[in-house]
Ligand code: F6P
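Before any questions on how it binds or moves, here is one chain, the form predicted alone, in structure tokens.
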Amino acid sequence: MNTKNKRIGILTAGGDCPGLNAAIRGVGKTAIVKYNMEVIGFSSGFLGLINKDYFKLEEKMLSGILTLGGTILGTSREKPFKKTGHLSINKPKLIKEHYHQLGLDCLVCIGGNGTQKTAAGLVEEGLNIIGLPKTIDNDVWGTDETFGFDSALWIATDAIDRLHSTANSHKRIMVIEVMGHNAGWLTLYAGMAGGGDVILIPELDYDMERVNKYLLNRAKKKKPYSIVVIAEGINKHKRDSAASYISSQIEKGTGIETRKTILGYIQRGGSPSPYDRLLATSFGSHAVELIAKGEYGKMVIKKGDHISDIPLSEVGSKVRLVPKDHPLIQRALGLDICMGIK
């Protein structure tokens, strides 16, 4: 296996999340130390490839970044295959030209659904690509887990824990909005871990009357407060945030004082959890093993207890949502947690 002269690039694209630097370190250190590859980092996601904005990643630059949040490479939401107005620039063509000009043997694309879709498109353009799935939403198709999810789960659960005492002190209903786009993984897990009384996720149609009736019954049973954990994606066709809409509907329907909290970007920041550090490092290391063997056009995944990979062509345009028969939903219902199901 002749890998001595291989030159690889790394970029991080889409929203930031805990574990990105751990993944960069996992790729970089394995490539440099184990295989003596040359590694360059592109700044600001795919913009770095478009603008030829890059720098050589030395091993010493990868020391001390394991625990850091964010990404030392920077990121952007640039989607090179997306047509914008009447601009004449052909971004995929430009990326392809710069890839070859820089003499890259492979490009590692670290990101969520949009990034993996772009990565699959670049494979079709004839480039050697490896994808690494990250997102706090845990919604990348093909993998059981993405790094970033566990860290966000800790943050969201901690926030719900703290709101219990305020809700109890004031005898209120507290509505907590959790991120996740159109997937309810983070809301379901944080809601369960944080002792939510009502959990609403995009995958399950909810009935507001049923929710309000449930909350009124809790009040009649002399339960002094209620915690309502909701996903941002349950309100996709309304102008208000999900938290604003649900809290107003609850107060209107029950007459009980209700307050909202939108956790927002705080869920994406800070140091990654130990689990996310391990997962991101394992993903990065496996990516380099694929490069060393000349196996390209794949996304690294976790299936059960094993790190593996699947073709990027299978991933594009798919989203991993919570199945309606997911065991955690059944356990929630068995605990008399209201899921708002019609």
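Residue positions are given as counts along the sequence shown, with the first one as 1. Model, not experiment: these values are computed from the prediction.
The same protein also has a form predicted together with the ligand, omitted here; what follows describes it.
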**OP:** Give a yes or no on whether each residue among T135, E232 and R268 has a heavy atom within 4.5 Å of the ligand in the model of the complex.
**Re:** yes
**OP:** Would you please decide whether R218 lies within 4.5 angstroms of the ligand in the model of the complex, comparing each non-hydrogen atom pair?
**Re:** no
**OP:** May I ask you to check whether V140 falls inside a 4.5 Å heavy atom distance of the ligand in the model of the complex?
**Re:** no
Original post:
Heavy atom to heavy atom, is R77 within 4.5 Å of the ligand in the model of the complex?
Top reply: yes
Subject >> H98, heavy atom within 4.5 angstroms of the ligand in the model of the complex >> reply: no
Subject >> One stretch from 247-255, 195-203, 175-183, 102-110 that, in the model of the complex, holds residues within 4.5 Å of the ligand by heavy atom >> reply: 175-183
